[in-house]
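Single chain ahead, by itself, as structure tokens, in the form predicted alone.
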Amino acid sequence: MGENMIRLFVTVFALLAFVPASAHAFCGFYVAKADASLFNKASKVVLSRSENRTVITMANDFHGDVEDFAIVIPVPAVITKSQVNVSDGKIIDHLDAYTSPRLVEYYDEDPCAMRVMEEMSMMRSAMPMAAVADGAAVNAKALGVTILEEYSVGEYDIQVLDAQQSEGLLTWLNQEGYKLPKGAEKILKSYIKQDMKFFVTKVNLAEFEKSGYSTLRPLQVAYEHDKFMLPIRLGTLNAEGDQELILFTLTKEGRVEPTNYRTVKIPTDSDVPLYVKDAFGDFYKAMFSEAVKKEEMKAVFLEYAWDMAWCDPCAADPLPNDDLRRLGAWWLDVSPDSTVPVPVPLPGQPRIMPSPMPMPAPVNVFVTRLHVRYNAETFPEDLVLQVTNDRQNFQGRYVMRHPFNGPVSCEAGQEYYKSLPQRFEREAQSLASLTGWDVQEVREKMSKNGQSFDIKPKTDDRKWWEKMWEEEEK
């Protein structure tokens, strides 16, 4: 067997009760999103937590011969066969799309238009709307390793281990094909001191061939424990360069954040030039890298926090209840129409059934999207997580504003056109600051895309009766 790919994901977090919250209405037209596919080898993990029950779903981004795939996951409890499942990667992709930072666009109104537009309210309430050989077993025992559980689930062969000392565990893992890198013994020792167990997995080649799948499916583990942490140290040992992790959490209470690293909100609500529409992926990657640089790669970035019932603007539809349950939100009922999230009623309350035209409803699933770029030097400790009472909505959102380009015949229109060069300059300066791009190059691209810095007002020199006849013809 060749070099194994060692991935490390596990966490547990606590959670209290559902609290309704108000939300800011953004509106605008959604035009692009920045999902995980923008980042090379970005690992995606979904954590669902209520009471002391945790479900972790790990999306496998393994590329290569599946014979070389293996993972070692420290877990706080013994995991039996019934606690392991294989899922559908499309659900995680849906969650990724739903929570992705997004680009929206607006169109300026005619500044001379003689009508009053009702402003949308800026605050909107989320209202209802196989067996081991004897020799191997003896060898494991001699090394202080106990095989607590052994079974297969789908295309995966799984063992759950207990160990007395790190050197013996490292020796056993290496001889079994789990090629842990130099430095692993010290980290394994710390997990053993915490009485952690080890969930180790390889691919059952025969079962994988029979499954008919071309890629490995996400692996899910459910357990009950009070620990609330995400071990990341072991995964940094054999990493080539910095690692990228996108962590989604589903809770009943509110936003999730680490306790031992700072949480920083990604820059948001910035006006960007129109040409960003065709380069949004490049923009977001540059902006995220610049944000990481400013924080010296020592912060966890919040990209999205929102109640699952609705979104504004939507980069994808909210996940239906049955998919949320499949990701571990066991506290939800499955809706008769699975596309409509339906909350579980509190004791003494009537059950809420979907109406023919459902409005946004408070669903006891609050989703948090955290994005981490890290290495062993900048993130020397495992992530210790907590659930907060914060249900304030947040999203990475970037705005293109199309200027009005028609003729004007009023003073307000003249002033509007005079203000555009200053507005374009603010957008150029903002984009350069967010991304680290050269501001002069930004200005040149804006001018080529129609955002001229020497724009002149357009006038309508037709006679009043010519305008009247034209209106009559319409």
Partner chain sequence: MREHFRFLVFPVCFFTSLPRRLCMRLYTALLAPGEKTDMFDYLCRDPRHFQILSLGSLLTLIILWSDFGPTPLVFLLTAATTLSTQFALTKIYGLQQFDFRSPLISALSLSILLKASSLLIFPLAAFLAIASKFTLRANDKHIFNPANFAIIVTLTALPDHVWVSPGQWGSTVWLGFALICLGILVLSSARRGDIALFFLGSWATLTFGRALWLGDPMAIPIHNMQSGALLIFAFFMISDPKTTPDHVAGRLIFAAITALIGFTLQYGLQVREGIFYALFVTCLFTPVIDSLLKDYRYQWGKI
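Numbering follows the first chain given and starts at 1. Not measured: the values here are computed from a predicted model.
Another form exists, predicted together with the partner chain; not displayed. Remarks below refer to it.
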Is the partner chain close enough to Glu257, Pro380 and Gln386 in the predicted bound form that each of the three has a heavy atom within 4.5 Å of it? yes
Using heavy atoms only and a 4.5 Å cut-off, determine which of Lys298, Lys277, Arg401, His94 is in contact with the partner chain in the predicted bound form. Lys298
Could you work out which of Lys210, Lys193, Lys182, Lys90 is the residue within 4.5 angstroms of the partner chain in the predicted bound form, going by heavy atoms? Lys193
Does the partner chain come within 4.5 Å of any heavy atom of Arg217 in the predicted bound form? no
Wondering, does Leu302 line up within 4.5 Å of the partner chain in the predicted bound form on heavy atoms? yes
Taking the partner chain as it sits in the predicted bound form, is Lys81 near enough to touch it, meaning that at least one heavy atom pair lies within 4.5 angstroms? no
Is the gap between Gln165 and the partner chain in the predicted bound form 4.5 Å or less for some heavy atom pair? no
Looking at 249-257, 102-110, 319-327, 143-151, which one sits within 4.5 Å of the partner chain in the predicted bound form if you count heavy atoms only? 249-257
When the partner chain is considered in the predicted bound form, the residues of 401-438 having a heavy atom within 4.5 Å of it are none
